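The chain below stands alone, shown as structure tokens; this is the form predicted alone.
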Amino acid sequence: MRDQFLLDESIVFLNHGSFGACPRSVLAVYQDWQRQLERNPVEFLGRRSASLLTQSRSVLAEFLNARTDDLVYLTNATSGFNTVARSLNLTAGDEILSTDMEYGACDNAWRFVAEQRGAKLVSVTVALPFDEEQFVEELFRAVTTRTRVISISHITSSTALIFPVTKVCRRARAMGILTLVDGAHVPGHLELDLEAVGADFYVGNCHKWLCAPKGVAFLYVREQSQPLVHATVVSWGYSASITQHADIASITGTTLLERRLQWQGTRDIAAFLTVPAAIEFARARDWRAQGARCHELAWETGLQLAAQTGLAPICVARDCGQMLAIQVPETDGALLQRRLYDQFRIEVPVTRHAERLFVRISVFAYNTRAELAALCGALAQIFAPAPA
């Protein structure tokens, strides 16, 4: 499938998880939507956008097993995360329960909110090697009478672990605690059933594993929780009677969530409208089978590198997907990443958690066993013992 993407042929690209890669065919659909917008921006944005966005969201909703009215498009998962974190009516002494493996931008959002409101961010240390049952018990052991929201990743960024979010959300709801799930790496990566997960709030990116153009994400909010959510930018969706403004008359009848968060007249919505094409691209190429092959290849590579380094995997195969964090010997992480790229032409991130250093591989449909072997060979050369 490599020829269906615009990726540089001279690079071994093992970093689909950071920003994804958009297929040529999906990119063509994206550019066509942009051209349609420019032919008559007033008609496109003022009279067509509402129905076009609803059609796009309905396809995404079917893919995620959610109601169309419970989804809204945003530019990235961090934007959706901030929208929720800054909307919740937290007060002095309230607690936000999270873990020490959350994405840095999300940690920053909660720290900002906690400082502004006098709330407290409680971070649970996740033990390695990872054990799902132990994780759940240690997380809920940290719950107190002041816990108002549990905020966790579905797939962690630095360690690529799959957290049991369905178990967490179900248990939290029984205790009257809100849940916010950061699923930035999940759509198109794992099969995602939002109704089954049961989170109050879930954010996910479509421009990573689903291969939509850059700047496409969604925020899912359970119907009962939607009155809690406010836009970070207050615009026409907050008007008492939005029909009084002719340019946005077309958005009447939209949901409260969409009215508040999605409508900003000058936003280029072409990327949002391309999501159905990205979903079709995945389905036409049997993305489930492709994902299973990629997971197998990632896990095989992890075991090979574990044998090379003598450093055991941090999880078992079921706790990771197509993305895997493989521990490597301690060194300068930034220098290692630069050397892999400059010397070996391998694009792969080097991450750190606690006292451990990882090479985080992302295996996508265009990757081959030979490319993963090239990474193993490069790391063997880099970490070879110095000659006596």
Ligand SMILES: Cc1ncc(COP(=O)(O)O)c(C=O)c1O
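Residue numbers run from 1 along the displayed sequence. From a predicted model like this one, the values you see are computed outputs, not experimental measurements.
The protein also exists as the form predicted in complex with the ligand; that form is not presented, and the subsequent description refers to it.
Checking T83, S153, T159, Q262 against the ligand in the predicted bound form, a heavy atom within 4.5 Å turns up for just one residue: S153. Here is the short version: of T99, Q226, Q304, T78, the single residue with a heavy atom within 4.5 Å of the ligand in the predicted bound form is T78.
Heavy atoms within 4.5 Å of the ligand in the predicted bound form belong, among the stretches 192-200, 130-138, 100-108, 160-168, to residues of 100-108. Among residues of the shown chain, L273 is not one whose heavy atoms approach the ligand to within 4.5 Å in the predicted bound form. Contact check for I314: no non-hydrogen atom falls within 4.5 Å of the ligand in the predicted bound form.
In the predicted bound form, at least one heavy atom of A184 sits within 4.5 Å of a heavy atom of the ligand.
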